[in-house]
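Below you will find one chain, with nothing else, as C-alpha cells; this is the form predicted alone, and questions on how it binds or moves follow later.
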C-alpha cells in the first residue's frame, strides 16, 4: 500500500473517479425522492404504438452497461427490435410456447398464482409496443484469436444490468413488461444470435395506452422482506 492506494504492477488501479458524498439529510432527501419515483413503476401490458426516440433507448442501455459483473466481463448482449416483421415473428413464436405453458406445462398452483394478474397465452403487446429488447446471457466470449474466455456469474450479472435498464426506462417516463416464454431459443434463430448466448428475457417497452390498466395488487412491506442483523 502506498498513500492508501493499492499498487498493481501488471493491472494498475486508479483513484475512485467522480465519487460524490452527500450530507446525511441530503442523502435522505435524495433517497426519498428516488423511492417515490420508483415506487410508481408498474408492469404494463397495454402499450401504445407511439414512437419513442431511439436515443432514449440508447441512453437507457448505456445505463444498463454500468452494472457490476463477475470479473468485469459484462456477459450480456441486448438486441433492440423495432421492425414490424421481426416483432410479428417473435409474437408468433412466443405464443406457441405460451399456449403450451398454459395448456400443458403449468401446474394448477402456478395457474392459480397467475390468475390475479389476468395473463394468458395471447401477447399482442409484442407487436404493438415500439420496442422489444431481447436480453441475452453470454456464458463465455470468443476472442479474435479463437480463445474462449469463461464468464463468471453471468446470470447474476445480466440480472443486475436488466434491473438498471428497467429503472432507467421508468426514469425516462416509459413503461416495461418482462416477458419470459419458456423455452426462448426461438429468439436466437429470429435475431441471429449464436448458440453460446442464452435468452435471459424479453423486455417490452414504450408508452402506456391512455386507458391502460394494471392489477390491483400490493407490494410487501419492508418488515416482510428485510431482516437487520446488528451484532
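Worth saying up front: this structure is predicted, and the values here are computed from it rather than measured. Positions refer to the first chain, counted from 1.
Although not depicted, the form predicted in complex with ligand IYR is the subject of the following passage.
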Considering non-hydrogen atoms and a 4.5 Å limit, which listed residue (80, 96, 114, 155) is close to ligand IYR in the model of the complex? 114
Of these, 127, 120, 100, 92, which has a heavy atom no more than 4.5 Å from ligand IYR in the model of the complex? 120
Residue 198 within 4.5 Å of ligand IYR in the model of the complex, heavy atoms: no
Taking 4.5 angstroms as the cut-off for heavy atoms, does residue 193 touch ligand IYR in the model of the complex? no
Would residue 110 count as a contact of ligand IYR in the model of the complex, using a 4.5 angstroms cut-off between non-hydrogen atoms? yes
Taking any heavy atom pair closer than or equal to 4.5 Å as contact, tell me whether residue 45 reaches ligand IYR in the model of the complex. yes
Assert contact_stretch over 56-64, 28-36, 199-207, 175-183 against ligand IYR in the model of the complex, heavy atom within 4.5 Å, equals 175-183
